[in-house]
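Only one chain comes next, encoded as structure tokens, the form predicted alone.
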Amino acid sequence: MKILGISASPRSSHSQTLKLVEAVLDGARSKGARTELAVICTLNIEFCNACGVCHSKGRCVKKDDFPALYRKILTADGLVMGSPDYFRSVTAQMKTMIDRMAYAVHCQLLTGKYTVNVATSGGTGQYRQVTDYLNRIMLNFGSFITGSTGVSMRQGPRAFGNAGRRAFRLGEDLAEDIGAKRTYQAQGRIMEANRAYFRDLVTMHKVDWAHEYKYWQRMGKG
């Protein structure tokens, strides 16, 4: 199994968020997973301009680092998403990456994957707004959520150490979920509703979104 960690902190090796992402990956490796880390703030990922070419032709017109990262996302069995809290949301770099994945959400291309989300914040408990956001987003893409954790840095080194241990255990859980192909019933019901919604949405726009419509037809849902 392969697990891709994505850190969206601009602080490079000084990032506490990055350390939590790495702790999850360490836990996954302890269970036999192959892991890879992507620090998206070191990549050139341009803004989505809503041109719609990905919907109609299945490719992006942008010539940047996103397509290579996107291929890694689609070929991974599991994902670890990490972002610090920037004004009660993810960083601009993380949001830019997510916005470029419109084709993936329309066709539910993360179906069958599992995700762990981690975050850090300065304010007490504010990291939960980030993990809650990422949980909703990744579930919307079709991925099961194994779990999430985070820490407020104002709570000090002991709290961060505890968060690192929780992250390691989540990495173990992530690898075990992938190996067992575990299903979460409540999440599964949300996924089923999402697939029906996006199938109907694409069908409604089948002329303009020809590539996505053909995808749903191939899946026997068009």
Ligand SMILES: Cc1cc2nc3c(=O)[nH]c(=O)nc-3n(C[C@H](O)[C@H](O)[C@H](O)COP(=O)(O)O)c2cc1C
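This is a predicted model, so every value here is computed, not measured. Position 1 is the first residue in the sequence shown; the rest follow in order.
There is another form of the same protein, the form predicted in complex with the named molecule; it is not shown, and what comes next is about it.
Note on contacts: among 190, 69, 153, 37, the single residue with a heavy atom within 4.5 Å of the named molecule in the model of the complex is 153. Although the partner is absent here, residue 85 lies within 4.5 Å of the named molecule in the model of the complex, judged by heavy atoms.
In the model of the complex, residue 120 approaches the named molecule with a heavy atom inside 4.5 Å. Residues placing heavy atoms within 4.5 Å of the named molecule in the model of the complex fall in a single listed stretch, namely 8-16, out of 197-205, 210-218, 21-29, 8-16.
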